[in-house]
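First, one chain by itself in structure tokens, the form predicted alone.
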């Protein structure tokens, strides 16, 4: 008998408020759904038992809002949080929509634009801390180039680093209990975007003044748009101890930014990422950054779909991790190590180097070992499809 799916706040699911605020507009047609304010989005998510939300500053108050208007919006957000039990898990700054950022924010040639971007981020960092956010995200939507000769990438990365260092110092000075997260994206809307992958982001983080304060939040669709493997990108960040947030959705490779519901395109890939997060006890929010189909009258079926899809895949993870046939084949794949080579390769020493130099290997014999990948993949497929 199929198990019943049950979703609760303990699952730590979160949504960007922009997901449910999305009205279905695309480059070829106008909106298909009524407008929903950021406050209404927070309340609606909270009423449906969602654990948390993320927001951009411009989602809660219009650009250029004065102190009174901003304080009113913050008060309404706090009221919605208190009434429904939802919490603010992360926040970010919109540094991509206004034309002032048409050539980047932190990497703009114009120092005044960079200063304005940092000012805008500082202001919302303070609000995010007030709302209880423990993660602050930087997606460099316009940080890139359309004409490579027009911008020195070395100088651009230097500028990006300076802005992040400045904002880290601000968080420390204000004693906000918050870490930063870089969200990579390989392309769109610029022709080429800086910090395109998890590896790019990790490399920059290592050069910051406070690398311990900065992590990465990989997004599924961004990875697939570049034809890369979400499991590998998530795993690299997790292994580095830098997975502070995640953005889940679905995406057909090498397409425009589709932002479909999680698991909608490739359930096997989605299963393996859920397995990774489960096996390695990822404890952060599981955030969905996707949009309802343009055909939907409202966003709420989409919210339930994303959460139920993740929970359904979690049930499959339990089956994968307890399936005797699959586990036996995986154990056989790893094999025994009677000569202790794992220990030798784990740490260099003169003794280990000498043992390695003196070893006699028979590559032809080693090549004869059976590797049952076809059967392993087929068994995973059968578990996913619910057949024996």
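Predicted model only: the values in this text are computed from it and were never measured. Numbering follows the first chain given and starts at 1.
Here the subject shifts to the form predicted in complex with a small molecule, a form of this protein not shown in this document.
Of the stretches 103-111, 217-225, 294-302, 313-321, only 217-225 has residues with a heavy atom within 4.5 Å of the small molecule in the predicted bound form. For a residue to qualify, one of its non-hydrogen atoms must sit within 4.5 Å of the small molecule in the predicted bound form; none of 12, 134 and 282 qualifies. Residue 247 is the only one of 242, 247, 159, 142 with a heavy atom lying within 4.5 Å of the small molecule in the predicted bound form. Listed residues 56, 33, 70, 43 were compared with the small molecule in the predicted bound form; 56 is the one with a heavy atom within 4.5 Å. When the small molecule is considered in the predicted bound form, residue 289 lines it closely, a heavy atom lying within 4.5 Å. Put simply, residue 116 is far from the small molecule in the predicted bound form: not one heavy atom of it is within 4.5 Å. At least one heavy atom of residue 92 is located within 4.5 Å of the small molecule in the predicted bound form. Within this chain, residue 183 lines the site of the small molecule in the predicted bound form, having a heavy atom no more than 4.5 Å away.
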